[in-house]
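The chain below stands alone and is given as structure tokens, in the form predicted alone.
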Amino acid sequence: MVGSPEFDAYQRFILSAKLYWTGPMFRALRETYRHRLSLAPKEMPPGPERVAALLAGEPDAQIFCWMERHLQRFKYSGRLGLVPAHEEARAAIEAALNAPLPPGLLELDPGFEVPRYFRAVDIHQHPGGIWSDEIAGAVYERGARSTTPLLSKDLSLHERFTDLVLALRRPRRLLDMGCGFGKSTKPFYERCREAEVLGIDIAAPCLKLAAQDAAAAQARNVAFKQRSADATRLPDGSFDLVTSTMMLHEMPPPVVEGTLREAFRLLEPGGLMIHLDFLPPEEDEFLTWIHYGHGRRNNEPYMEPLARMGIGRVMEAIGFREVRIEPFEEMEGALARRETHWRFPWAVVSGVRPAA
């Protein structure tokens, strides 16, 4: 077991501080913005740039941004951070990750080269990235538990997304792109026992954890492979459903477009592609400004480019039909709390490959 009572208390404190930042600090900053907006010249064009200009030098904005940046850093680093705690348990974690697996459950590529765009920055401020150390997947899994601090149940977001997807399509062959440590894949292989489920990712440490979790669950209908979402090397028309969760915003736009094209190729005629990711509401410049800033503060440089690339138009140009971009509630009543709490701007992006 990783950590100690002192470690657990420290991590709970970080989560509590995040909840304060998410609620009272967010509300105070929104009120400051509204006050400044009421005094702004009428000729100022709307948009996140206006918000940045209005809040420049404001202590509420400076403290809000500082808290986001450094609470994430404190979570990972320092004596009671996630990285040191897992380092102390390295031998046990490595032994668990390398335990024997059922044949065919995990396929790693010894010659796989992690793309430069993913190596260039420590995504989420995860020291060294989630690909460079054998125990990085275990650190990432523990850190993900406080990524969405408003959620009271760790897996509820993924289960709600699975509910939404299965209401649209009961798959026979499902591909989960960017599956990470399997948190997004698990609800599908547990609830679709009759389907063949494949999870792919570029980070071997995460795939090892996903496979061990599936083995522990005695899942027989899932496999994990180390592949790039934009170049899977899988056969044409292999799937009737392609999904991803929180993957697109970690790719630059050319790779996002390549991934959409790859999904189109992999779908059989009539197949459904559906992604859960982050797209800020265009009508709310304040929330858009916070979202773009979050990308910079949390080492996620492709969040803003994804929001600006016009993904719906790209999908239609590729050939997808019935393209939809709709808000997603990660928990009951979440959309109604946009005024009172900061939350990720969850959105479902979907499209269908036309029948032949």
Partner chain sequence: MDGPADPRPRLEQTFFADPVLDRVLGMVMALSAEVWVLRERQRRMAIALERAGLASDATPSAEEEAALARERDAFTAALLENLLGRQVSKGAP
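Numbering follows the first chain given and starts at 1. Since this is a predicted model, take the numbers as computed values, not measurements.
Omitted from view is the form predicted in complex with the partner chain, to which the following refers.
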Sole residue of 168, 95, 120, 101 within 4.5 Å of the partner chain in the model of the complex, by heavy atom: 120
Residue (of 313, 321, 34, 296) lying close to the partner chain in the model of the complex, criterion heavy atoms within 4.5 Å: 296
Location of the partner chain contact in the model of the complex, chosen stretch of 45-53, 284-292, 324-332, 22-30 [non-hydrogen atom, 4.5 Å]: 22-30
Residue contact check: residue 88 to the partner chain in the model of the complex, 4.5 Å heavy atom: no
Partner proximity in the model of the complex: residue 70 to the partner chain, non-hydrogen atom cutoff 4.5 Å: yes
Close approach of residue 113 to the partner chain in the model of the complex, 4.5 Å, heavy atom: yes
Residue 65: touches the partner chain in the model of the complex, heavy atom cutoff 4.5 angstroms: yes
Contacts with the partner chain in the model of the complex, stretch 3-29 (heavy atom within 4.5 Å): 5, 6, 9, 10, 12, 13, 16, 17, 20, 24, 25, 28
